[in-house]
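Quick setup: one chain, the form predicted alone, written in structure tokens, and binding and motion questions come after.
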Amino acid sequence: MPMAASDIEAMIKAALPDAQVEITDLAGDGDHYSARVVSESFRGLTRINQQRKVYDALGGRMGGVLHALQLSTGVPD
């Protein structure tokens, strides 16, 4: 069963409360998304560790319930 964009956003914001999250359904199938996540908590982390924090927020759903997530991360200006 696909995951709703609102569920993905809620899980990320639960783990990273200050995050600005933009979710786009890439294929219209509820299974292939892109996410842009901006959070002060990423400051000083490598891009890989920033993305790891987002994947951790999804609680192991990547590759299972959530098939694909194109992810970009950053810190606020």
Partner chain sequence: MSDDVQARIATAVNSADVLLFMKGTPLFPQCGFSSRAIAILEHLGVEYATIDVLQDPGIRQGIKEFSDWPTIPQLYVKGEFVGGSDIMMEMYEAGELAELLEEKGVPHA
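The shown structure was predicted, so the numbers you read here are calculated from the model rather than taken from an experiment. Residue numbers count along the first chain shown, from 1.
As for the form predicted in complex with the partner chain, it is not shown, yet the points below apply to it.
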field: Partner contact for R43 in the predicted bound form: the partner chain, 4.5 angstroms, heavy atom
entry: no
query: Taking the shortest heavy atom distance, is G63 within 4.5 Å of the partner chain in the predicted bound form?
result: yes
message: Under a 4.5 Å heavy atom criterion, is I48 part of the interface with the partner chain in the predicted bound form?
response: yes
message: So, Q70 and the partner chain: in the predicted bound form, are they within 4.5 Å at any heavy atom pair?
response: yes
- line: Near the partner chain in the predicted bound form, with a heavy atom at 4.5 Å or closer, the residues from 25-44 are R36
